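The form predicted alone is given below as one chain in structure tokens.
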């Protein structure tokens, strides 16, 4: 079976990290997000993943030069123009010649979902499309799904007022689709699978959904991206874990690191303090710097302090500076 992974977004909510690195190539647990997704799909018997890209594939090709990841073949489908979710799915599937049941995964999402169970449920119901649902505490901030007892989707309710939601279940971004879904998607324009395609399948009574309480997180913003990384050392994932300090990171013996991930290639100087943070492989943390609740790709200067701050690859925090809730460089100032 094949799968389409949608990785074509611009990652604007993760700037400045994504000013230099495509969002799917940002690491979670020292592995690119896209690799984590492919590994999940491989356990369900997926043999080929089509990456639906909205820009150049070169960073992906460089990361996976043999054209495979975790034993799964990779196929690159680069959209000529942004086509929204349904348009991107159709373009990628047709580019790869998909003509049988296939899986779709939103590239922002990391989950411990058993994809093979979702496929089995899809086949048992005879659905045209099946979506994975996850519960949330406050459904008023999401599009909520109302289900019949047999799992058939009855309707979608977008951001219901508090206390009026028909359920607390939201679309979790993993689907199993029949190739007939592609015929429902018009060519040559942007089409949303959530707002156009799925409602048309609901109208025909052929959209089903399966809810689980598996680990699930949308990594598309800095706060959950940081949390997704820390979850890899906190033991909350069902099967995945990561070392806090990856082999190949250069951490001075006098530095104090707690509840953080430091990736291969990063340099941490003497007497530096790193807490509740993610330090990526291109980062340099100078002597005496203090990093708390932050994500760092660039350089943090000597004796400086950053709290709840994001430093992109081209960012530099000067010596002795104190920053809180900052973005370096400021994404709004970068053209």
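Numbering follows the first chain given and starts at 1. Here the rigid core means the biggest group of C-alpha atoms that line up within 1.5 Å when the two forms are laid on top of each other. Just so it is clear, the structure is predicted and the values come from calculations on it, not from any experiment.
There is also a form predicted in complex with a small molecule; it is not shown, and the following applies to it.
A.B. asks: Would you kindly say which of 158, 223, 243, 204 lies with a heavy atom within 4.5 Å of the small molecule in the predicted bound form?
C.D. replies: Comparing distances to the small molecule in the predicted bound form, the residue within 4.5 Å is 158.
A.B. asks: Of the residues 84, 112, 128, 231, which one places a heavy atom within 4.5 Å of the small molecule in the predicted bound form?
C.D. replies: Only one option qualifies, and that one is 84.
A.B. asks: Quick one: is residue 6 in contact with the small molecule in the predicted bound form, heavy atoms, 4.5 Å cut-off?
C.D. replies: Contact with the small molecule, yes.
A.B. asks: Even though the partner isn't displayed, in the predicted bound form is residue 167 close enough to the small molecule, meaning a heavy atom within 4.5 Å?
C.D. replies: Judged by the heavy-atom cut-off of 4.5 Å, residue 167 is well away from the small molecule in the predicted bound form.
A.B. asks: Quick check on residue 214: any heavy atom within 4.5 Å of the small molecule in the predicted bound form?
C.D. replies: Although the small molecule is absent here, residue 214 would stay clear of it in the predicted bound form, with no heavy atoms inside 4.5 Å.
A.B. asks: Is the gap between residue 116 and the small molecule in the predicted bound form 4.5 Å or less for some heavy atom pair?
C.D. replies: Residue 116 lies outside the contact set for the small molecule.
A.B. asks: Is it the case that 269, 282 and 312 all touch the small molecule in the predicted bound form, with a non-hydrogen atom of each within 4.5 angstroms?
C.D. replies: No.
A.B. asks: Just one stretch in 272 to 280, 49 to 57, 63 to 71, 289 to 297 has heavy atoms within 4.5 Å of the small molecule in the predicted bound form, so which one is it?
C.D. replies: Stretch 49 to 57 is the one.
A.B. asks: Tell me, please, whether between this form and the one not shown the C-alpha of residue 139 is shifted by 2 Å or more, with the rigid core used for superposition.
C.D. replies: Yes, the C-alpha position differs by at least 2 Å between this form and the one not shown.
A.B. asks: On a core-based superposition, does residue 57 travel 2 Å or more at its Cα between this form and the one not shown?
C.D. replies: Yes, residue 57 moves 2 Å or more.
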